[in-house]
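Coming up is one lone chain in structure tokens, specifically the form predicted alone.
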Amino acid sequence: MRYDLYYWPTIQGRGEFVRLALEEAGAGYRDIARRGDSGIAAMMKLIDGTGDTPPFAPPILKAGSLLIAQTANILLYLGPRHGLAPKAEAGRLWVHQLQLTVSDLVAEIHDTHHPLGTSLYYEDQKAAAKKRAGEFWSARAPKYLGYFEGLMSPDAPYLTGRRLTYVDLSLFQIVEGLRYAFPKRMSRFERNIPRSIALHDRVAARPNIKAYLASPRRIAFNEHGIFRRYKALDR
């Protein structure tokens, strides 16, 4: 099946977790909004639609007659269809549960630079952002990343065992994003999560992911997405 992915054309954002899964699977897909104004208009038409199940926001995946939104929901659909999730129901639900935890972590990372509201500029909330970023690194990052670190076995290459799942790809993106946004803090923190760093390196070396990262399909990190680099927050 060929998929249509709808997400903002200039940021990685939450859509990147879906892109990584599609790229690893070698699935054919079109990144619709990156096709110019017509692509963005098509995405907005979906969001403004009047159907029975309209999506709230991108990312949105069109798979045949299905229209699926929310990152974790899209990955729940793609995983078993492309060998990126366990076959047994209990295993699929466990990986989905882990992805939902990643979603919570993503929200907390975003709030390090926009703690008061997304309608405000970063410059309007610098003091609050500095305080929130400090709390994130003192309490929240150790809690979340320590949780994932504790789940990993030294005898297994991936989070849930011998086979890669989509949550491994998502953890790769978390490490990549934090390295971009907080290079100083991550350089100190990484010693606490050696298994997560080793997992990141395994994912980066996978042929499809390695090719994707070197291609123009991979949007560069910038100060408009989830992971933003502000020197004042990276102490």
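The numbering used is simple: start at 1 and walk along the sequence shown. Everything quoted here is computed from the prediction, not taken from an experiment.
Beyond the structure shown, there is the form predicted in complex with a further copy of the same chain, which is absent from this document and is the topic of what follows.
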- Query: Does at least one non-hydrogen atom of Leu116 fall within 4.5 angstroms of a further copy of the same chain in the predicted complex?
  - Reply: yes
- Might Tyr122 be said to contact a further copy of the same chain in the predicted complex, defining contact as any heavy atom within 4.5 Å? no
- Message: Whether Gln173 contacts a further copy of the same chain in the predicted complex should be assessed with a 4.5 Å heavy atom distance threshold; does it?
- Response: no
- Message: Quick check on Pro54: any heavy atom within 4.5 Å of a further copy of the same chain in the predicted complex?
- Response: yes
- Task: Among 197-205, 32-40, 61-69, 184-192, mark the stretch whose residues have heavy atoms within 4.5 Å of a further copy of the same chain in the predicted complex.
- Result: 61-69
- So in the predicted complex, are Ala156, Ala220 and His224 all sitting within 4.5 Å of a further copy of the same chain, heavy atoms only? no
- Task: Could you run down 113-147 and flag each residue that has a heavy atom within 4.5 Å of a further copy of the same chain in the predicted complex?
- Result: His114, Pro115, Leu116, Gly117, Thr118, Ser119, Leu120, Ala128, Lys131, Arg132, Glu135, Ala139, Arg140, Lys143, Tyr144, Tyr147
